[in-house]
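Here you get one chain, nothing else, as structure tokens; it is the form predicted on its own.
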Amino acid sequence: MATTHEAPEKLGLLRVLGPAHVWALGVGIVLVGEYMGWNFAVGKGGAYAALIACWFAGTLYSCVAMIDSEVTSTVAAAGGQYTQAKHIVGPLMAFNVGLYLVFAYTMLEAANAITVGFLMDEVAKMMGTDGIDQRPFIILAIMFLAWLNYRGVLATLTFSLVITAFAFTAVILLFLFTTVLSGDSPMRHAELMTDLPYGWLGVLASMHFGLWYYLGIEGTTQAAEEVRSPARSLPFGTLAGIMTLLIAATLTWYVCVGLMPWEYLGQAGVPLFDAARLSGSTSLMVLLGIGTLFATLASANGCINDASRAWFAMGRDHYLPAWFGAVHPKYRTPYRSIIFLVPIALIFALGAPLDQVITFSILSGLLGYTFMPINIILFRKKWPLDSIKRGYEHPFHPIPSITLFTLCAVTYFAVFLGYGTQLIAMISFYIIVSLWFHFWRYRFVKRADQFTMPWPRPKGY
């Protein structure tokens, strides 16, 4: 009897997500920035400096969202900006962008876990204890969310959708009940607001933490291969996400600076929770306590999703060992990448200060944003608007690219003022791994297998 040998089916990621899941992925990762971290900008330059940093960063991330929406609605594959760089710029840029993504999200995940432990400790102290050991809560948060991501993307991002919506609603309710709906408002802006305590140099220094309001919105692109209709869902979810965050960031600043002196606010661990405690309402305190917990869990959940997709895509293309490019036969998730990144997040969550972890995440993200202007300019040059179908076309090109590049340059200088040693150390690290890729790993990359988009030959080639 003759036998036939059929090639095994190549497993891929499931296309099960809609626009609401994309919104939840982007906003869920970032909304924790309203609950903690942004307020370090107040400590650097005062309340007004933090507001300037908020809108400065909002402009930067609006450019990021528009550029990402155009490119990713066209390059719809896992890996987000890594896949964009691979198709448009080249392998070395793609390798670096992939690392920027992984470290930005993994460090953000660690920062979220630290905040979960800090919040549990604060609640325990409010109940009359001397505090608790935060480490079990940090470990439990990371392990639970890694397990959730392991089991499937639809359940993961549906969970994020629910708790993100709750956390965003809590911010709106805090604003309403401390301003519009309160007969005797507890706000004391006239008493607490001061001029710039450190002058315009303080404004510049605060730019660094202004990014924390929005850091991670670009993570919507990591879902490109699991969205049912990338050309429609990705632009809608990303642009709706940045608008949501602009509203939440401004309301957060307004409430917090009206309830806390800038000297305290600039070093608070959970500023929105502290604001709710100072409002005098027990219900608001409970609501914002739950909101803080949900925001940190949603963010860490999305970070595990995004970091693992970037790591998976690099493994699938042999930029990293192909072992990482495996898909779980039952759950259809990049399970090896998820498991591999868990101990890295735990090491930083258990052994590094919060502001250092935040800075590591911000710098990795900033390096990725610096590549985007180059990417979109080359994209428009190689494939003009009439040559391939796009799900979204960002307006006023190349003004957003020039604006984004300029704002990134200013932010680098701001980071250098406060964290110059860390900035130099990180750039050195990325240079070293780039050399490793060029002289060793690149030999394993099959360039012809990487380009999966059915595009015409680039203009001029």
Partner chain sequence: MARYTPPKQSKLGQLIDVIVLLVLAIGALYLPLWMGLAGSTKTPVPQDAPTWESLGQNPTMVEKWNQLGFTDPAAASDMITARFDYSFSWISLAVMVVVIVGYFVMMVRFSETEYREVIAEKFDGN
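Keep in mind that what you see is a predicted model, and the values were worked out from it rather than measured. Residue numbers count along the first chain shown, from 1.
One more form of this protein should be noted, the form predicted in complex with the partner chain, which is absent from this view; the next part is about it.
> How about residue 431 - does it come within 4.5 Å of the partner chain in the predicted complex, if we only consider non-hydrogen atoms?
It does: once the partner chain is placed as it appears in the predicted complex, residue 431 has a heavy atom within 4.5 Å of it.
> Is residue 402 close enough to the partner chain in the predicted complex to count, meaning some heavy atom within 4.5 Å?
Output for residue 402 is no: heavy atoms all beyond 4.5 Å of the partner chain.
> Is residue 436 near the partner chain? Define near as a heavy atom within 4.5 Å, in the predicted complex.
Taking the distances in the predicted complex, the answer for residue 436 is yes, it comes within 4.5 Å of the partner chain.
> Quick one: does residue 232 come within 4.5 Å of the partner chain in the predicted complex, counting heavy atoms only?
Answer no; every heavy atom of residue 232 is more than 4.5 Å from the partner chain in the predicted complex.
> Ok, 137, 159, 340, 331: which has a heavy atom sitting within 4.5 Å of the partner chain in the predicted complex?
Of the candidates 137, 159, 340, 331, 340 is the one lying within 4.5 Å of the partner chain in the predicted complex.
> Of 240, 374, 290, 123, which residue is found within 4.5 angstroms of the partner chain in the predicted complex when only non-hydrogen atoms are counted?
It is 374.
> Where, among 141-149, 379-387, 223-231, 293-301, do residues come within 4.5 Å of the partner chain in the predicted complex by heavy atom distance?
The contacting stretch is 379-387.
> Has each of 348, 416 and 443 got a heavy atom lying within 4.5 angstroms of the partner chain in the predicted complex?
Looking in the predicted complex, the three residues 348, 416 and 443 all sit within 4.5 Å of the partner chain (heavy atoms).
> Going by heavy atoms, what in 306-342 lies within 4.5 angstroms of the partner chain in the predicted complex?
In sequence order, 311, 320, 321, 322, 323, 324, 340 come within 4.5 Å of the partner.
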